[in-house]
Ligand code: XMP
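Encoded as structure tokens, the following chain is the form predicted alone, with no partner shown.
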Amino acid sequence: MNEIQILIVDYGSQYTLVIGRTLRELGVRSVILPPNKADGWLKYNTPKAVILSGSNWSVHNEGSPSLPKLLDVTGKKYLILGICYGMQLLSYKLGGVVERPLSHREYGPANVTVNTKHPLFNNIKEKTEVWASHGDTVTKLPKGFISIATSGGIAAMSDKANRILGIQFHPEVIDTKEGKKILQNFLKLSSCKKDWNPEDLIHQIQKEVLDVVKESKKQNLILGVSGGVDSTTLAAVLAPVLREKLICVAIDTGGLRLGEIEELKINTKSAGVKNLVIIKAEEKFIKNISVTIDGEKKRAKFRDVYKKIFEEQIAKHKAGFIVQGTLATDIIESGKIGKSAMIKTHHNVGLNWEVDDLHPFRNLFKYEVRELARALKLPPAVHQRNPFPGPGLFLRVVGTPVSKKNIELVREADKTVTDILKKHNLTKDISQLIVALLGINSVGVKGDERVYGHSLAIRAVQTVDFMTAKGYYFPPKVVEEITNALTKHKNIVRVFFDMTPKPPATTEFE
């Protein structure tokens, strides 16, 4: 494949890999590295452009990350684009002023007025809606720079040669309406050429895994499968080249939805899986998880049992590797990319295995995996399937202990809501559905009698990459139908609907 055209310097933003995802969507490959490793890469490579990511740091914090030492800030070797913290850092290092004015703190949607004559904003509306998340802002530009966008303050800057650019908002997220166009304009300014497509990526992943396997005496691989789009697609990528060496292991944790094991069997068969092992472990998981109601502790308890079961399978099949369908989103939220803040633990990230742990999808987002699934000609049941967390329904019993009875209640409620959404043809509009049992008992009236029962929360979101999401608003008649159907259960008294966006909420309650 061609040399990497774009270096993305990762300062720990939750959106850093979204930049890489958007560039790939535009057909251009990139490499994402923290500042210290970026120096090592720049020593032997000259990209066409460098993008500096956002961060949870302030340039005024002690120990805040700085520019790579080998970065050419003259713009002679390559173009530079600073995004959010990246723009602040460029300005600060080049002699500008960065402050924290109360009048220009932006968190969420913002309206920006751009200089449409500047090539970065070619074919962009003069007033455009963007997504911003910053407390610091550039209040005085470095010498030789001009402001090319405003939103109550400086929202973008450029040197006079259009080689060093900065944007205060985030063009990489879907909520910036014309963000992809802005990044496309930057690629054009950088003279980048398209060099990425799903078919190339499939072959690249196959080669990457095969090269690792050939260097080992133990060549069997264990792949954890759930029947979902990520693990099923990874199985379809690897099955043709690994054949009998690929052993797919699925765990019936007791936290699965109704009919999920049967669906898993169908999906893995469509992926060409020959060796499928299903482990029944409901009692082990419930016993371990039921001791706490804390979300992070529940995830940790799940990980303990999950890891032990896979270690047993690794030993049984004499495998030298475990391979998982971990996505960039999982790694970001686990705080494993650069120096990003840990949002929540993921059951398959950061486990210390005695064998090599492979994550071939580590730089991909959900929508990209769906593209791979389509390229592999997997059925819609795979590439259109909504995601479901690894710990499953255990994360949807919130604020009250996990028990077989509570899990069964949530499982039935999930099926009820899903059937109603299918009947109204709404599933196509929803990226993920969450039906959760809340640890809030309250008084109700059923059959003219007082009852004291459970509360359920219904949450649906719409998103492309799961880094940001909008709460889905159900039509009133569907709200009424869901509420009536759920409260027919003798132990359910109230139904709440949650439309909180991400951020500030995450997709799941836990």
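A residue's number is simply how far along the shown sequence it sits, counting from 1. A quick note: this is a predicted structure, and the numbers were derived from the prediction, not measured. Throughout, rigid core stands for the largest set of C-alpha atoms superposing within 1.5 Å between the two forms.
Another form exists, predicted in complex with xanthosine-5'-monophosphate; not displayed. Remarks below refer to it.
xanthosine-5'-monophosphate in the predicted bound form comes within 4.5 Å of a heavy atom belonging to L395. Of the heavy atoms in S290, none are within 4.5 Å of xanthosine-5'-monophosphate in the predicted bound form. Put simply, P391 is close to xanthosine-5'-monophosphate in the predicted bound form: some heavy atom of it is within 4.5 Å. Put simply, K502 is close to xanthosine-5'-monophosphate in the predicted bound form: some heavy atom of it is within 4.5 Å. Between xanthosine-5'-monophosphate and the residues R299, R411, H134, H359, the one pair within 4.5 Å by heavy atoms in the predicted bound form involves R299.
A heavy atom within 4.5 Å of xanthosine-5'-monophosphate in the predicted bound form is found for one listed residue only; from P142, P387, G75, G272, this is P387. Annotation for 423-448: the only interface residue with xanthosine-5'-monophosphate in the predicted bound form is Q432 [heavy atom within 4.5 Å]. With the core held fixed, K446 shows a CA shift below 2 Å between the shown form and the other one. Relative to this form, K214 and K37 separate from one another in the predicted bound form, with their C-alpha atoms ending up at least 3 Å farther apart.
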